[in-house]
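Below sits a lone chain in structure tokens, taken as the form predicted on its own.
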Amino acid sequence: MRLCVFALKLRSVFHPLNTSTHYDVAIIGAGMSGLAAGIRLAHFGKKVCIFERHNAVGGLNGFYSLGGRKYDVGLHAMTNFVRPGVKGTPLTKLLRQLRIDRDEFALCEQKQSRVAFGPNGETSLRFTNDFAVFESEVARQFPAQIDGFRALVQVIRTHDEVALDTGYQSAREIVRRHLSDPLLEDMIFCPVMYYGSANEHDMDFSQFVIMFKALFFEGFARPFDGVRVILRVLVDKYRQAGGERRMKCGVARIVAQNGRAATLVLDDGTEVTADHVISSAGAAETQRLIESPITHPQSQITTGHPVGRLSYAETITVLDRQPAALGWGDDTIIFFNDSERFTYARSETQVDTRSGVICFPNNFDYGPDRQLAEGWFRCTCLASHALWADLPEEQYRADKAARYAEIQRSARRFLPPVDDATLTAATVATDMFTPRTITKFTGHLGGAIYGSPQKIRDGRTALSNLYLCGTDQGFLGITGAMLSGISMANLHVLAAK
């Protein structure tokens, strides 16, 4: 009953008789970054409204109901976890800036995760929320590389990854200055890329550092009830601070005048104005909203801003027993690759099952005598938006069923064996999302999970009062998304003179 009430609260619209049309700040999108920006601004007395096209908050990190169950979208784990008392980290910063007590997120740590490479995962690196475990695993598997690895770690520790004026540096190039074994290189890049790279094959070193720290220096955690716990906290904080949100009320166009975002035209034709506009829609997606695109000397966005090429498909299997009952109880998340080299690029087929991510939400440390009511088995692989986008509905459903089976077969190679009959008997429900699903519910062109490969660190656009937050600003993951919203609110609104 409490979950049902919460779902209704998330989908609520503020008072329908509100006729205000001008705001200090209008925010496009009620994902993690948009909500965080709204909370931060509302705390300082700004009149803020979030406009969201869909009926639920969360964007890429939301949830949906199907068959009486709540399915998380996006959240495998919340990265950047640190234990109480650790200061100066992304998690502690966002909690302070949003005035959230860490107990409100009720985060439970992972048990252990691993990176598994080879046709059946013959080479494996285990890691936990204690970095020493990962370092010892590298020393065990790659003894000739450990000195170089430690030198690389020191470079990562001292790099200022959040500087807004840092230019692009090849992460592969920097890593190769310290590591000579391509297998170890790929095993490090696989989880970092899957959890936060919009670039094929390589990534910007600052992005690499952000994700390396998030995964290995800090770690994974999850609320017992999943992403809806985090969303409930954010929505409540935003409402308590006096923020307004309009659900099922997207922005259809941004009317530009004299180099500014002059008017927002909503899906229903209503027009609103704001002193500042923050968009979490993405760079190319935001540019497409501008009714009369302009050229500005300092603009980093043009109508040709590159659209992301990387999208995913994910299968979700609900079990009538805990994964541990099938022998799958040791690992929280597994990053796998079956090939000689790890290929992170747009798939040439509907799904690329050579590599991927397995997640068992049951395998977090929820405390003694506390476990999820059902078992969950999630598998994610790279996928082609183009090969899913325009399929007739009947063909789309048939292809989903075929690719579901293909993804499952690939992922199970990296798990203790369970025969098909046993897994079938244990399965009580399944679902799958594709790049087409991502575009439908997020508006991301190309189904690009991490947006454009070209990030805009300062969030500035061609219009002087329009700024980006979220995916294309460059801070990724759930924690990164919230920090992006906070940073852009601080930089462009609260610090503005």
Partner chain sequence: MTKEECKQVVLDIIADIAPDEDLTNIKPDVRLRDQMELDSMDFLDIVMELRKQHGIEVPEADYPQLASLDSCAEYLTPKFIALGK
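None of these values were measured; they are calculated from a predicted model. Positions refer to the first chain, counted from 1.
Separately, the form predicted together with its partner chain exists; it is not shown, and the next lines address it.
This chain appears without its partner; in the predicted complex, the one residue of Arg239, Arg412, Lys93, His159 with a heavy atom within 4.5 Å of its partner chain is Lys93.
For the options Gln97, Ser136, Ser124, Thr343, the one in contact with its partner chain in the predicted complex, meaning a heavy atom within 4.5 Å, is Gln97. The closest non-hydrogen atom of Lys70 lies beyond 4.5 Å of its partner chain in the predicted complex. Although the partner is absent here, Gly88 is a contact residue: one of its heavy atoms lies within 4.5 angstroms of its partner chain in the predicted complex. Contact check for Arg436: no non-hydrogen atom falls within 4.5 Å of its partner chain in the predicted complex. Mapping the unseen interface onto this chain, His43 counts among the residues with a heavy atom inside 4.5 Å of its partner chain in the predicted complex. With the partner omitted here, the stretch from 452-460, 43-51, 22-30, 438-446 that lies within 4.5 Å of its partner chain by heavy atoms in the predicted complex is 43-51. Of the residues in 335-360, none comes within 4.5 Å of its partner chain in the predicted complex through any heavy atom.
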